[in-house]
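Just one chain is shown here, as structure tokens, and it is the form predicted alone.
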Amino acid sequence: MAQATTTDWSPHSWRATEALQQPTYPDEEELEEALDYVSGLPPLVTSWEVENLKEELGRAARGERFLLQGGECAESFADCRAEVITSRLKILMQMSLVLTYGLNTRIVRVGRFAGQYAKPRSSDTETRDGTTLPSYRGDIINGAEFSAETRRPDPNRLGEAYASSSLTLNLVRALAEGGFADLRHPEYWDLDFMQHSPLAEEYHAIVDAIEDTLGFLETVTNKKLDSLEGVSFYTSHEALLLPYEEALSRSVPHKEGIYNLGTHLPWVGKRTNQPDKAHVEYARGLQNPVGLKVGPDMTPSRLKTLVRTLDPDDEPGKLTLISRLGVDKVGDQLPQLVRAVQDIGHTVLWISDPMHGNTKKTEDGTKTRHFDDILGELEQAFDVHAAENSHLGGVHFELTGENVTECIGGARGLSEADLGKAYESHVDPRLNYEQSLEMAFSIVRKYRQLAG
């Protein structure tokens, strides 16, 4: 890391700048006690894992890997249960197998979990029936129930967030290292949705080819697939609640610099990515690879400043740019942003988040996203990078392994009338199991179109 970023930075130097999207805790002493407690707990991840991920992301930037990043819009403590974690991991594993086969490249799997407990909000308060309370900012800060007691920012939730992250990581590691998700048996996957898709024949051909390939590998190696190689799984979350992130930022023996050991890949969100504000100040000095959300308000000049700030040495794998522009804007805005980064000569990993720029509300105020908009932005992102002699090296989805009804469309043709059947998210709508797997097949189809 450049000398300038080590001599004028520390894990708490962000405190000298303006910090957006932070809650107001009523008892500062109680907050400091909670932070002292968290800072004394063991790390959730290791520096070796962080460095391994950075190397993998560097390869993805060169086109040698493809990043699949996905998980909850906002985790809840109540969902720290085996069946929820298992279903979430299963869909990511199955998507990664489809992508591995279809893209003919190794997949870097990064879960949007084990720490995604804080959410930015458009307003500090929420009013219902004449009563105004603090907005729900995620379980690490307060509760979703609309009551004065629950919405009060509670420092004790910091320890609970750490505990839930630790329990989640423990199960994920056990499943990923032990062989999981019936990878040798695609016929066990829940693929009933395929019969409703106009691409059903093409989807089934891919599944049959995957099954034949895995069978061939088992025959020639005389080994089961799950014994050939352990599966690496990394974690990520938005580094939003800065006091908590600082408490998990540590030095490690025999290595220089500071690591955020609460996650492998922290990212800076759209609402907090101002170059002179606290979140960028915090992220710029970390040894971790860092993600940066790039929204429709991003200008080429500002992006250049952010890239130079967060990746001063043009380090392979250091910076992942996550575009989230919206289906109606990506075609016009992404090219100039890609060219801006090319102008300064930095090699970054570009990935597409086609979820956040496509959120809409129904007439009754329900948040939703349309499958066609999500796929439309993603396909345009592939096209733009191809046209600009750039490389789209990954995708970022909000998804769940459950068959919720939060996003409209997909092969099943979910409509607004279906949203009330199983709408469970407290914050943003997620792709369900079927829509997520369909999206993986659609990525393969688009990739092959470009390659052909």
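Note that residue numbering begins at 1 and tracks the sequence as displayed. Because the structure is predicted, anything quoted here is derived from the model rather than measured.
The next section is about a form of this same protein that is not shown, the form predicted in complex with a small molecule.
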Self-check item: W350: touches the small molecule in the model of the complex, heavy atom cutoff 4.5 angstroms
Solution: no
Quiz item: Quick one: is C73 in contact with the small molecule in the model of the complex, heavy atoms, 4.5 Å cut-off?
Solution: yes
Exercise. Please check if K270 has a heavy atom lying within 4.5 Å of any heavy atom of the small molecule in the model of the complex.
Key: yes
Practice problem: Answer with yes or no whether E377 is in contact with the small molecule in the model of the complex, where contact means some heavy atom within 4.5 Å. | Solution: no
Exercise. Tell me the stretch among 337-345, 116-124, 85-93, 143-151 that has any heavy atom within 4.5 angstroms of the small molecule in the model of the complex.
Key: 116-124
Quiz item: If you check in the model of the complex, do E238, H356 and E398 all have a non-hydrogen atom within 4.5 Å of the small molecule?
Solution: yes
Exercise. Let me know the one among R324, R109, K318, R157 whose heavy atoms come within 4.5 Å of the small molecule in the model of the complex, would you?
Key: R324
